[in-house]
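Heads up, the chain below is alone and in the form predicted on its own; it's given as structure tokens.
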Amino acid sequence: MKENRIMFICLGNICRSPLAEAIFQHKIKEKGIENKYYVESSGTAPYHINDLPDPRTRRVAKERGVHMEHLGQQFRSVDFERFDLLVVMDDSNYQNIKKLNPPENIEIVKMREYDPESKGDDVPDPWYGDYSDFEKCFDILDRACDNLIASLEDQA
């Protein structure tokens, strides 16, 4: 059985993408299918390499029962070879990845393509907001992860 290798991507890798990674990992573990997936997250910018996720990101994850273990990293061209699916949080992240000339066999999708409430929109960056923005971000990622997992499992 081929392992699905997924990279979640945002700008700085301390809010949206590590939260998506943690939620996805939590959900596949609950379903007992964690051996079918390898998941990481990264940022398109080098702002927070080796930093913990934003304290508000860690707080919302903890309050919702999702464990996080992550240090920020920047997306690198070699990641095109390491991952099958790149899941970006917004149009800007999508354009930043496309500028790196991905091979044609790599699939790049926006996270909210899997969100039934707002298909194709950006996942808003909660960085400049208050705690409620991190809660909204969690809710978006939670819904989208459910549908992403369902889609991947349907393809299996």
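Keep in mind it's a predicted model, so treat the numbers as computed, not measured. The numbering used is simple: start at 1 and walk along the sequence shown.
Same protein, other form: the form predicted together with a small molecule, not shown, and the subject of what follows.
J.: Answer with yes or no whether I14 is in contact with the small molecule in the model of the complex, where contact means some heavy atom within 4.5 Å.
T.: Result yes; I14 sits at the interface with the small molecule in the model of the complex.
J.: Given that the partner is absent here, does E113 sit within 4.5 Å of the small molecule in the model of the complex, heavy atoms only?
T.: Looking in the model of the complex, residue contacts with the small molecule do not include E113, since no heavy atom lies within 4.5 Å.
J.: For H70, is any heavy atom within 4.5 Å of the small molecule in the model of the complex, or not?
T.: Taking the distances in the model of the complex, the answer for H70 is no, it never comes within 4.5 Å of the small molecule.
J.: Taking the small molecule as it sits in the model of the complex, is W127 near enough to touch it, meaning that at least one heavy atom pair lies within 4.5 angstroms?
T.: Flag for W127 set to yes.
J.: Considering the small molecule in the model of the complex, find the one stretch among 104-112, 41-49, 62-70, 26-34 with heavy atoms no farther than 4.5 Å from it.
T.: Correct option: 41-49.
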